[in-house]
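The chain below stands alone and is given as structure tokens, in the form predicted alone.
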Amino acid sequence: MSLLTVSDLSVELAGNTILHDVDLHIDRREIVTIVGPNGSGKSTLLRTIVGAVKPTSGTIKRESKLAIGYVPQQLQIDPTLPITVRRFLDLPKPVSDTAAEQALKQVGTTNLDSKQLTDLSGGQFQRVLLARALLGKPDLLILDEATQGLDQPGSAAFYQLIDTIRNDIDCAVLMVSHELHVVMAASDRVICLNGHVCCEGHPEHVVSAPEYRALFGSGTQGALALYRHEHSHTHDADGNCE
């Protein structure tokens, strides 16, 4: 049984149709990535799934007592606001020191409790956002372009962390990304969105689909080449190809 099923979903905002006839499902423990051009409705779809946007029509069925952790695309922090990492993890409700410490350890970020949020690097801040999402012990972790602003090594490390967390806590992952090369190696399934679902399936199937090529061009062969490379070689502890 799927953790979450979206059926015939449509969303209109300010009189504009953003999404129409969207069908998708997320199964336990799988990593599903949504790709699509700017303005294709990716963020709107995620916000609708978490309940921040009301659909115009269609249904979203969630497994009973489904816990969702959400990492937004952007979170603007007032640079004059004095708030530490530890205090931030207490929002919107306090958590124990043990739970906060465990969440920070899960994302590979320790000894940051007393640091100001505004003093964190981009990579550290994204990991703190991820730690906050993990505090609710999610069955489904949703990430909206969580690597935005990170360099390529930082993005690759973050995706590797997501895979580790998926295996550690047995959650499913639904994420939006514009980094096509990384997506192909990091996902179990890819959904190509452009107001509706253009194509979906195994990464190798999607990257070869005409609908995908029409949106992203012939350069996507590079994504396919990377996908094949990642899945046909073993790697050492440092991630180097053996």
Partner chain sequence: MNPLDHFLARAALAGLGVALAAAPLGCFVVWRRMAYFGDATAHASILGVALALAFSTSIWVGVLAMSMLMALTVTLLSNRGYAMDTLLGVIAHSALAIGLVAVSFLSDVRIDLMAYLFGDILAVSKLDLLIIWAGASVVVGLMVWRWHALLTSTLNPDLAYAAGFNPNKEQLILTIALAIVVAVAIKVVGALLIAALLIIPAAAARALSSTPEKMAVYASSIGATSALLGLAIAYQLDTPTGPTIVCVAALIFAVLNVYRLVSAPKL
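Between two forms, the rigid core is defined as the largest C-alpha subset superposing within 1.5 Å. Just so it is clear, the structure is predicted and the values come from calculations on it, not from any experiment. Numbering follows the first chain given and starts at 1.
Beyond what is shown, the protein has a form predicted together with the partner chain; the following relates to that form.
Student: Since exactly one of G108, G123, P72, P138 fits, which has a heavy atom within 4.5 Å of the partner chain in the predicted bound form?
Tutor: Only one listed residue qualifies here, and that residue is P72.
Student: Can you pick the one in Q116, Q102, Q148, Q160 that has a heavy atom within 4.5 Å of the partner chain in the predicted bound form?
Tutor: The residue in contact is Q116.
Student: Only one of 185-193, 48-56, 23-31, 200-208 gets a heavy atom within 4.5 Å of the partner chain in the predicted bound form; which is it?
Tutor: Stretch with heavy atoms near the partner: 48-56.
Student: My question is simply whether I169 lines the interface with the partner chain in the predicted bound form - judged by any non-hydrogen atom within 4.5 Å.
Tutor: Although the partner chain is absent here, I169 would stay clear of it in the predicted bound form, with no heavy atoms inside 4.5 Å.
Student: Can any non-hydrogen atom of R127 be found within 4.5 angstroms of the partner chain in the predicted bound form?
Tutor: No, R127 stays farther than 4.5 Å from the partner chain in the predicted bound form.
Student: Looking at the partner-bound form in the predicted bound form, is P82 within 4.5 Å of the partner chain by any heavy atom?
Tutor: Yes - in the predicted bound form, heavy atoms of P82 and the partner chain come within 4.5 Å of each other.
Student: Are any of the heavy atoms in D97 no more than 4.5 Å from a heavy atom of the partner chain in the predicted bound form?
Tutor: Heavy-atom contact with the partner chain at 4.5 Å: absent for D97.
Student: Note that the partner chain is not shown here; using its position in the predicted bound form, name the residues of 86-100 with a heavy atom within 4.5 Å of it, in sequence order.
Tutor: The stretch touches the partner through R87, F88, D90, L91, P92, P94.
Student: Would L81 count as moving between this form and the one not shown, using a Cα shift of 2 angstroms or more after superposing the core as the test?
Tutor: Yes.
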